[in-house]
Each structure stands twice: as structure tokens, then as C-alpha cells.
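This document opens with one chain alone, in C-alpha cells, the form predicted on its own.
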Amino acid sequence: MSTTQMLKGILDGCILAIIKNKEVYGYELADKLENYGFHSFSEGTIYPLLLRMQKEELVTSTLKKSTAGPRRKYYSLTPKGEKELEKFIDRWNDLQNNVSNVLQHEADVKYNKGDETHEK
């Protein structure tokens, strides 16, 4: 399974989390994701997600003057977006816990079998 497939849906939650703390424009959002280690996403990937989120009323946008060129579209979270972020965090915590349980249990099973070819 590719990283891109695994990240489908997770990126939405990460974007909502970043926007919650401060309104951001697309390039700034791409830069923040890059700083968090998401190296395979560009503005070209992010803008369609932002457009969909705007249609779903999770975010709003405002055009503001820029000191470096044309006006920029800044995105901020709506109350609906905040609720969606809370749901995402709950789902993420459950998923992370469940995956960790499976991986840990399966590692322990292999280790406890005494299979010397698969030692921890």
C-alpha cells in the first residue's frame, strides 16, 4: 500500500488542524505540511481539498492584500469545520490505538513463539 493511499482522508484532518490555529493561505499551508514531514504534497494537491472543504462549509476564505504580489485567499475554520476536526481527532485516536494494538500484539506473538529467525 502506498503512502498516498494511506494518507487519503488523513490530510483533511491535518489541514483542518492547521487552519484551526491560524487562518492561512494555500502556499503557507503547503509549507506547514512540508515542515511537518508531508513532502509529497504541493499547492496543486491542497487547493482542490480546500475547495471541497469550502463547498462542505468546513472552511471559509477571505481575499487579503499581500505585501508580495496579488491578493491572497486566506482560509479559516467554520464552526462546522471545528466539529469535523473534533470528530477526526476522535477517529484518529481510535485508529492509532487499534493499529498499535495489532502491531504490538503480533510482534509479541512472534517473539513469544521463540522463533529465532524472527527475534525482536
Partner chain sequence: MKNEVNISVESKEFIENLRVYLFSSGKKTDEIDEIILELESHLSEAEKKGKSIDKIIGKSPKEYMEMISDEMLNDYRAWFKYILLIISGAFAITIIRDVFEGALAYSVLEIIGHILISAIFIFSVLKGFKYISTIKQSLWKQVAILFPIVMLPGALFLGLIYLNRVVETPLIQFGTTASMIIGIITMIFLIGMSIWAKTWILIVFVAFLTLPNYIISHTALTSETQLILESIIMFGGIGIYLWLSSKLVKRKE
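Values in this document were obtained by computation on a predicted structure and should not be read as measured data. Numbering follows the first chain given and starts at 1.
Keep in mind the form predicted in complex with its partner chain is missing from the figure; the text below concerns it.
The candidate site formed by 27, 45 and 52 is fully in contact with its partner chain in the predicted complex, as each residue has a non-hydrogen atom within 4.5 angstroms of it.
In the predicted complex, residue 86 stays away from its partner chain, with no heavy atom inside 4.5 Å. Put simply, residue 73 is close to its partner chain in the predicted complex: some heavy atom of it is within 4.5 Å. Contact check for residue 95: every heavy atom lies farther than 4.5 Å from its partner chain in the predicted complex. By the criterion of a heavy atom within 4.5 Å, residue 90 is excluded from the residues contacting its partner chain in the predicted complex.
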